[in-house]
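Look below for two forms of one protein chain, each set out as structure tokens: first structure 1, then structure 2.
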Structure 1
């Protein structure tokens, strides 16, 4: 477990940046704490003083990135404006997160190691996708309570929306079958997702 009670914010960021580079290059199993310490510019002793295992370090790295990205994705998600406009913001920001270099690197490491290290995969799912679905489901439930949407299963509908937004772009990008898509392509996919989603769930 991360025991970094005395770790300064700068030192923590330094260690996590080093860990990110090594995990992305070597995968989880191939990464060593010694190499992470070297890349981060800290001693192994300092590293182990604050993160007592590689699993704890990876979990802290993923958790921090998920906190940062999810706060951005759901920033300003209220119930005053048009539901389509709120969905537009969530969809675009979610796509940008998934297609970012960091988002892709984390996903690839987790997928590569999921069979051997299921706890890491579970931790990633709970820190990222499950939390996103929870935030979205809460918003959909409140919109339904207010009579603006009619969503009988908010958690199911949340997953539907996120998957609709991934059409055409995300899997191909994860497989390196296309370069970073332009903003116009992301907007086109999100608009189609909103049209289909509201066609089912608008009150």
Structure 2
């Protein structure tokens, strides 16, 4: 029975992998269940044995990506040491994620379908941005207690920092004007964000 469960879970994962490829490439409306079945290597009927509808499959796809991809951006990130160094690590990881193919694909599809799938939009927000902001806000509060920084509203400041880090690169990438942003550009932008951020919030 365990093997049975595994088999079933495997099929589910197999379908989700196909769905991920197709939804990322074609968007929600542009994706067809036939194509997902083809890419996943199963029949159309099997799709419906595992997911009630196209919308349910889409929801599961986005939910999975949010859990497995966005959610772990900061897992294991140390927040000890010099504030500038910590900000550098946070900023770079965040930007690498936002500029990656997968990160971009989820963002695109969630923004496009936010009106149709509001729960998904909220789920995306909470597994991704909200989690990152929460993590960083906690750290800012601690540094403020320690006297190294002076941040009156840590959550707001965290959001400011993430917005600053997106300068120049993120919008252009979303508009397909920047196929492959180089590492050095990210570092430059993050450095400028750190300078401005500490210029305001250093104790």
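Since this is a predicted model, take the numbers as computed values, not measurements. Residue numbers count along the first chain shown, from 1. Between two forms, the rigid core is the largest collection of C-alphas that superpose within 1.5 Å.
Annotation: structure 2 represents the form predicted together with a further copy of the same chain, while structure 1 represents the other form.
For residue 48, the Cα coordinates differ by 2 angstroms or more between structures 1 and 2 after the core has been superposed.
In this overlay on the rigid core, residue 140 has a C-alpha that sits less than 2 Å away from its partner position between structures 1 and 2. Annotation for residue 16: C-alpha shift of 2 angstroms or more between structures 1 and 2, rigid core superposed. Core-superposed comparison between structures 1 and 2: residue 34 shows a Cα shift of 6.7 Å.
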